[in-house]
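Have a look below at one chain only, the form predicted alone, in structure tokens format.
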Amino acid sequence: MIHSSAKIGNNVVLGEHVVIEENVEIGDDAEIGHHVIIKKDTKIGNRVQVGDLSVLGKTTSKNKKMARKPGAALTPLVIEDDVRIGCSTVLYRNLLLKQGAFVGDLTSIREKVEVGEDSIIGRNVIVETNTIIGRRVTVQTGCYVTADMIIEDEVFIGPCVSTSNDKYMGAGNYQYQGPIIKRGAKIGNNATLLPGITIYEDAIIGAGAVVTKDVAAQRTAVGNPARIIK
């Protein structure tokens, strides 16, 4: 089903049973897989590839218990040129994927998120709301990127890294703040980053480390709790 108000560019390939809602825009030479749903107002650039069974431009939802309700008015999902999106992904409104970004299979990226040029968001990754990811960042398989997080350019995050933004686990007396990871830092497999900490430029976090406080630039931290080593 293609809504009559949709604008589809030249040489676009659409798979079987694609749904394109009102006011969607798709640029030239895009490839849209089978059973993809593109929600209203979504903007897709040139040469974008979207895998089968993905949902683009999903709206938010809520219940009574949620501490922070999503806003009712969200800008459209915008996907710039040359972006690659895997199969069975869920991408929300108010999300910007900049040119050349890659999103792996089974990944979900929430609203109020920006992903920079040529960054890789790997397979089965969750990126929560109000998060900024810089240019040429790598987030590998199975990571949990919490809300309210800043990841600067050229950061590497290994598989299954977990981050958090709520120091008191739902008690409601803490301003949400995820970790801040500065340019060029590297985070090893299965590391855990606690709320509000800063990993400074070119620092290295060892595999399995539990980071409870800031790590200075060009230092290496390992262990639980993480400690600086020479």
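One-based numbering along the sequence shown. Quick caveat, the model's predicted, so the values are computed rather than measured.
There is another form of this protein, the form predicted together with a further copy of the same chain, and it is not shown here; the text below is about that form.
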| item | value |
| --- | --- |
| Site test, S61, M169 and L193 vs a further copy of the same chain in the predicted bound form, non-hydrogen atom cutoff 4.5 Å | yes |
| Partner contact for I228 in the predicted bound form: a further copy of the same chain, 4.5 angstroms, heavy atom | no |
| Partner contact for I109 in the predicted bound form: a further copy of the same chain, 4.5 angstroms, heavy atom | yes |
| Contact label in the predicted bound form: L14 to a further copy of the same chain, heavy atom within 4.5 Å | no |
| 4.5 Å heavy atom contact, G208 to a further copy of the same chain in the predicted bound form | yes |
| Heavy atom within 4.5 Å of a further copy of the same chain in the predicted bound form - qualifying residues of 117 to 147 | D118, S119, I120, R123, N124, I126, V127, E128, R136, V137, T138, T141, Y144 |
